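Before any questions on how it binds or moves, here is one chain, the form predicted on its own, in structure tokens.
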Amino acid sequence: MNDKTRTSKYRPIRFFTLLCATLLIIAVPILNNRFQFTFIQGWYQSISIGNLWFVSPLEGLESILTSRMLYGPLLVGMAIPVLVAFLLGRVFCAWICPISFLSEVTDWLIRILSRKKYRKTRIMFPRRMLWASLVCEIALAMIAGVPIFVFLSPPGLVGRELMMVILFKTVAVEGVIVLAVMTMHLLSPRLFCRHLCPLGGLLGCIGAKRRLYVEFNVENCLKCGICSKACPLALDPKNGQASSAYCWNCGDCIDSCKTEALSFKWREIKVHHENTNP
């Protein structure tokens, strides 16, 4: 085992990916409006790149349920995000979501500006609240007959507010939801992401048996608890929670582990062979 402190491997890459994803939704309205460049349009609720159309699985599902219609292009647009979630789990939440980027930047600013050591106070609710938020979201959408998350999705609102600022020099009232989510983050890191995000709940359901997961090697574990403190979602990898549906494969626990007890691993696909012996 290597007892030396490990250099962060995944965290810098993840932050760079979050930065690029956020810069993309800033650049799109500028390119569309000022340079008439329309090859990329929209934001992460619904974004088109050339002839490829990507649709958030939750917004797509709500649209189908509220309209009671199966729209072919919508199903195709949902296919790639669903496949990514099936293989990699909630990676959108950790590696692409603009709410994650804002949370990372907020934490960095607090560490820089605060004279005292930045301490994270985690308010914990039952983890199953994440599934309850998903069920409630879908139920409310069906009762109202309107795809609610299309209009009130925090990740989508970041893109919409940026577009409003860039194109119209104003903000929409719905932007207060983003402020509420960030206030929750200040009160308890990733509170919304851990317990209240219905999109995270749906992606977690789809990726419950994801191919890429965090493997725990009990023989290398010192039971120091550093990995659970490093986890943005307050999961405990040594208790198997890093391979659960709640984990979003950010890699922070792997980076924090000094003894390489944690690592990413592709789950083997079990193939059942029939017994041909007489």
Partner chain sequence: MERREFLKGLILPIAAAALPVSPARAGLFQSPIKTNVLRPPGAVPENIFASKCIRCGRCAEVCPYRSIVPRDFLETGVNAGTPLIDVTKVPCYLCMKCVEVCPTGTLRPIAQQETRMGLAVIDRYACMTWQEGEFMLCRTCYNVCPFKEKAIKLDELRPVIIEEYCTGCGLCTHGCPVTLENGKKAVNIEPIYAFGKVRKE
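All figures in this text were calculated on a predicted structure; none of them were measured in a lab. Numbering follows the first chain given and starts at 1.
There is also a form predicted in complex with its partner chain; it is not shown, and the following applies to it.
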Partner-free chain; cross-checking its partner chain in the predicted bound form, the single residue of A172, A79, L186, V165 with a heavy atom within 4.5 Å is A172
Partner-free chain; cross-checking its partner chain in the predicted bound form, the single residue of A132, I110, C205, L140 with a heavy atom within 4.5 Å is L140
Only one of 81 to 89, 95 to 103, 144 to 152, 195 to 203 sits within 4.5 Å of its partner chain in the predicted bound form by heavy atom distance, namely 144 to 152
Contact at S228, N239 and W266 by its partner chain in the predicted bound form, all three, heavy atom at most 4.5 Å: no
**Report entry** Exercise: V181 in contact with its partner chain in the predicted bound form, heavy atom 4.5 Å
**Finding:** no
Quiz item: Applying a 4.5 Å heavy atom distance criterion, does G251 contact its partner chain in the predicted bound form?
Solution: no
S48: touches its partner chain in the predicted bound form, heavy atom cutoff 4.5 angstroms:
yes
**Prompt:** Within a 4.5 Å heavy atom cut-off, is P73 in contact with its partner chain in the predicted bound form?
**Reply:** yes
Contacts from 79 to 98 to its partner chain in the predicted bound form (any heavy atom within 4.5 Å), listed N to C, are none
